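Heads up, the chain shows up twice below as structure tokens, two forms, tagged structure 1 and structure 2.
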Structure 1
């Protein structure tokens, strides 16, 4: 019985995003499999209805494939939870839901454009307790925790930036979960910048902008916006967000924003918005260090009941360096493969099972790919970086590119020199040492390199 459900979950993992799996499928609990029926339970009616409406077909298909015969899934509310809820219900409580937290994914229906915020389920894996803190993210974590403990009193706005899959969305969900528990009276809006833009467009078409503005400016106590860099170039949306920001900030309502760029790096962003984003605290999340990556894997394995040998954790931490989401995804994939094949988790099995990941990463992180990224960032030609010109406008980007090639690829100094037009290995060594030394004192250079590194694949 458990094996059928385990295999069904593994099949679902391969068909949905990590966020959707953690939010909508991990909380499902198997009760019984009898004949062609599978009974699952959840803790509340809202979650049950959401899963039935949006994922019933996927559940039926996954269990049918795992069992090898037609099956049907029935999702029910736990009788124990239902009894507890009835025993503690407060008839005087405000029946309106307080938190709007959709997962930012195309498969999840958008929140309503007007009216009150719908109580979308929060990702159960995204809390402060499950956020592994290390040197690369400790400031962002501390700031988010401070906001959750005392909203609109410490950092307002809080602006968190960093590459994809490093934990920005995790912190937003953690803030929402904490506030929901400690301040249930607050109306919390979680929205991606893309969804905010779509809502602006739809409400313009429906001539209902007054209701839209009231919803965000007067019926919202905390605004959490993901991927604010998506506002770039969207003039009307930026105008609406500017006045929304002003209204909330003036009313001492908390605002938290995430982005893959600093405010200064977001192109086609109005200066008045750029200025307001800097009113509070701007902090970043960098790629986690090796020790933190190992801790993330161990924490994930413990939560999921995976027996993870240290040697395998070390191997995965060395393989995936720049993306926490991909790191955890590699562990899930490896565990699923091991379960399917009845194999123990060993380094040898990991190398075999993740061979395509290794090959794809090697192709993605090549000297050529780094040269292209550096050339785009500094607005120079790749041919100039490979050439012999020593003008500072070319020599500094060239040194940065050599440093990044040495740091992020397995290429030797001679191989890097060859990739840069046949330069001597001593030139590469000198460039790498120069950049590494400058990073300790040159804040501008450090910011430039971090911006490039955020664009590197996992």
Structure 2
């Protein structure tokens, strides 16, 4: 059984750089092979998501090849580690790796096991060096750099917002990495708002809130919190975070926050937190322009030892516009495919290999998906948007949804009308006109629509 995984690893080793192999594949531990599933374990969610996002196809193909029959890989977080990561004081021995592939210590993400923050894993690919700067992200990049060079002296807090996959987490890790090198004495806490929330819950249950508070408020010099929009509606966690924020800010400790929305747009956020989020600098990251996307692809290809012809880079950069993670994913998938099939990376091959990506995206940007996003954003029901009620609380979101369908899908006015519960095309036309007109003068509406557009896929 283990043989399959060993052979798969050998196959992978031939197809990725040594650096990537050591970083991403060595730490994977084999749990069990059951039927057509190879179950692997990693230490944290971050690592799991990274492997899934970037190497799922490669893993599946490698185990299939090694086994000589269709197999797939299932990467999950070790239960023991999961519990451990949430606890603040538990100490446990390292679990034995299931396969005796020697593990380079530096590449194993360690869970925090004491009251301090020293050991959280930094993604080796997320540094300032690897961050490609363009007009859409130069503000955020410059601010992050300033904070890393001079913590708590420039912008405090630094609040970076933007759509998914545009480099927010990358910048947070880059700050941490740079600070570790230049200010090794600083105690840095990197935590996602979701993990912070879990920790609050856990520590309430264990009645260990005092230790939790002490850890964040007095044993932390830099707090990097990812995805603070997740705090929406979580009152108890917001309260905890409010006091943490105050304690750190008063003590002149640097705080950096990321979010997929501006502070004003985060729903159900206490006013006192909202206002604190605005104390320092708020800066956005937008989707990179074509030239930056090409540069990102070229830099990624160079790091991973992929021979990427310009024509293929242009093709990919035109295909994937709104999400750098997807852009990189497409490149990695493409080069893995080409490696396995022994084919050259050409535009024709890219078109063939990425066909389902193209089709998925067409499907993802449907009238239905826009209806869902708009309903979520305005907190109304999709059925109301499709219905006939004329109350303003419903009719305005409905008009916005129609406008977005017209702008972002290929659908005709009659087709949109049909998607909205069989409305006449003239209704759709007048809704679109109304929204377009209002956009000229209504600033609130414009920011709302921009916020929704940031969530559109592709």
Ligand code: ADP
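Throughout, rigid core stands for the largest set of C-alpha atoms superposing within 1.5 Å between the two forms. Positions refer to the first chain, counted from 1. The model shown is predicted, which means the values in this text are computed figures rather than measured ones.
In this comparison the chain labelled structure 2 is the form predicted together with adenosine-5'-diphosphate, and the other chain is not. When the rigid core is held fixed, the Cα atom of residue 376 travels 2 angstroms or more between structures 1 and 2. After superposing the rigid core, the C-alpha of residue 179 moves by less than 2 Å between structures 1 and 2.
With the core held fixed between structures 1 and 2, residue 71 has its Cα displaced by at least 2 Å.
On core superposition, residue 447 has its C-alpha offset by 3.4 angstrom between structures 1 and 2.
Once the rigid core is matched between structures 1 and 2, the CA atom of residue 427 is found 13.6 Å away.
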